[in-house]
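A single chain, nothing else alongside it, follows as structure tokens in the form predicted alone.
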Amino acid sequence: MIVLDQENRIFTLHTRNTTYQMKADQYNVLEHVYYGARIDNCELSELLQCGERSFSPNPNEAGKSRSYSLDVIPQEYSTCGVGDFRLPSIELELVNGSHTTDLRYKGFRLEKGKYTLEGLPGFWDTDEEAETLIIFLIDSAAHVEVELYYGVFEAFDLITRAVRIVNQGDETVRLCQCASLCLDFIRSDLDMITFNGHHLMERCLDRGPLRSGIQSVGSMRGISSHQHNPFVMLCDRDADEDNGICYGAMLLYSGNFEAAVECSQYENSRLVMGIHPYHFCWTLEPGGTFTAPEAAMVCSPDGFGEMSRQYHRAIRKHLLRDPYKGIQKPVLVNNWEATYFDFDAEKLVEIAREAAALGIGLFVMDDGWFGSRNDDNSGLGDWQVNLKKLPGGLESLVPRIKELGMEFGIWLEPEMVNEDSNLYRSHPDWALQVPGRAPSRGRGQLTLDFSREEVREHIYTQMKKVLSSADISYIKWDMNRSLTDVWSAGLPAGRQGEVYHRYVLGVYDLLERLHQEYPHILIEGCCGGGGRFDGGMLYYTPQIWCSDDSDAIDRLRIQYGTSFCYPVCTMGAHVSAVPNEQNGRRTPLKTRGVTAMSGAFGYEMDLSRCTADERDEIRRQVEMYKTHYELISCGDYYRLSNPFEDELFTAWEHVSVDKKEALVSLVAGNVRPASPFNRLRLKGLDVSLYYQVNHEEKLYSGRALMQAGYPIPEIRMDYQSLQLYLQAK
């Protein structure tokens, strides 16, 4: 709900549990007043205090008064060069060489429903569950208008932010920085939580107190990256899963980003989040516009868990465009770890036949089916079926898979090219590379210049021919390197600062074309696993391969960190063979299934090598997942332990919306002799209901299970697992 006090120029955004307030002051500066637990019918601008602060300049309008300074006032969209020395949200370069930006309130517009951003992903609204507020700011000297967009999804405690820049003058302006989100606090006693890591161990939670100065995470790799995720949190020092105020900020963007927090000299703090200013410079001709990607905020007065669940609910309902929405997705099997590049049609059909007998419903053909692709160094860019491996092409193979009762999926890496390919030999200038410099390679490949329309059109034409040749239900869209040598032959020297962003827009453009042309195809994103796991990609690819590390124990940490923002239905999670390819660890097949089941479930192994007992276990896992699919994919998710702290076990819980069902999963760590007896306190149950656990005769009250807990059976071997199914009686 958006409440306007036009007389006092106060704008209040209410969600179910939170309030966000801002005000245009006497000098037309848009001040940030409050963001926190819901407060009704209250004007809070008295919270903002002014007073003389030496070396904090005063705007010209203040005359001789020294008690008003932009360096002290919390603002909605910070500027630069006019007295605020904290993190700027925007930086303009005018034709005279100046970099000063001074934005003042000009007006507003209120709209029903949620705004949309052309060419960019965003939360969407079809039933007018959301409202939009647009506030207009103007730099009168630069003749540049800034439009601040606010989307309010009241039921989800979700407020989205976006920014549009318009050059209303007669001269060219260069945009050197344009953040999507600025959030000021009149306090600095907060912790910052980021989700960091590396390839094979992404999104590990990292928490620490804010300190004086600037702390930041980001990416300059051309992708959102394995190293840092474009989701951060700020919270009370003592906040935890169930208590304390916390703020989440997610950037819906898949390229270079930065999330920076500055604690100022006066013990306030500012979060600025958006496209990374590294190698970014956008030319705005007269009348030109630039739109920054969307950011999405959730504030929870009741700890991390409720913040996560609100993100999950909002993402599932208002971000994902999933062709399986309302329909159970099939369990998949992928042939990569079973065959790598060494396969033919008969081998693929053999794997599919084994999978179908176990209840698996989707067969995915991975890398190696096209061009001259027999290793990492050739074939990328030539998206034609290798008829030596697949005689008769997909037209012959896919019906054989379909006859088994399975759907068919295919692997693609459209953004990449090998030098040993017909495409590169014909169009070497279509790869990102700097004139006069030898290019660097990643996985033996170069990156196609997706900022250029003719490059995207060529790739799309090839993909369309493949996708139209057979009944294909699924695409795994892979991307196996970071961007280097970022220079485009399609732009002049003065506009090379646009290439990184135009590349991302090009990826979005091709994905949107595929979505419109083949709305029935599910696209799973992948970037060496989790290197591009962000809200922007989820808009186009409603599930993403969570990590190339498929080890069940490592995945406990990866999926734990990912869950703080992203719902489990978006996490591609597979059971793979042991010893694990990434770390050599051996874990029980049951445990691998329990871990992978809390995600978009599948298998990545040669099922023909399984023993009879292993096949029986896989059948049980597949049936278990199918039985509890709705509960796992659409239920509320509760973290019951922290795998970064709790050595004895990791536990989590799925609870149905009506609280009448729950599924609890637990995986043990390294077992110690004479270890203590433990109880697991559950969450999210109805205190007025009684629950049956795993069909035992005894009933447990919801209150008892949450307050006293459930006794964990003694575990005597490393990495064992158990699941508890609770049903209200």
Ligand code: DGJ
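Small disclaimer: the values here were computed from a predicted structure and weren't measured. We number the residues from 1 along the sequence you see.
The protein also exists as the form predicted together with this ligand; that form is not presented, and the subsequent description refers to it.
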| property | result |
| --- | --- |
| Residue among D551, D102, D366, D84 with a heavy atom within 4.5 Å of this ligand in the predicted bound form | D366 |
| One residue of K329, R161, H501, K476 in contact with this ligand, assessed in the predicted bound form (non-hydrogen atom, 4.5 angstroms) | K476 |
| 4.5 Å heavy atom contact, R443 to this ligand in the predicted bound form | yes |
| Non-hydrogen atom contact Y424 with this ligand in the predicted bound form at 4.5 angstroms | no |
| Any non-hydrogen atom of P74 within 4.5 angstroms of this ligand in the predicted bound form | no |
| Heavy atom of W336 within 4.5 Å of this ligand in the predicted bound form | yes |
| Heavy atom contact within 4.5 Å of this ligand in the predicted bound form, the stretch among 612-620, 524-532, 151-159, 279-287 | 524-532 |
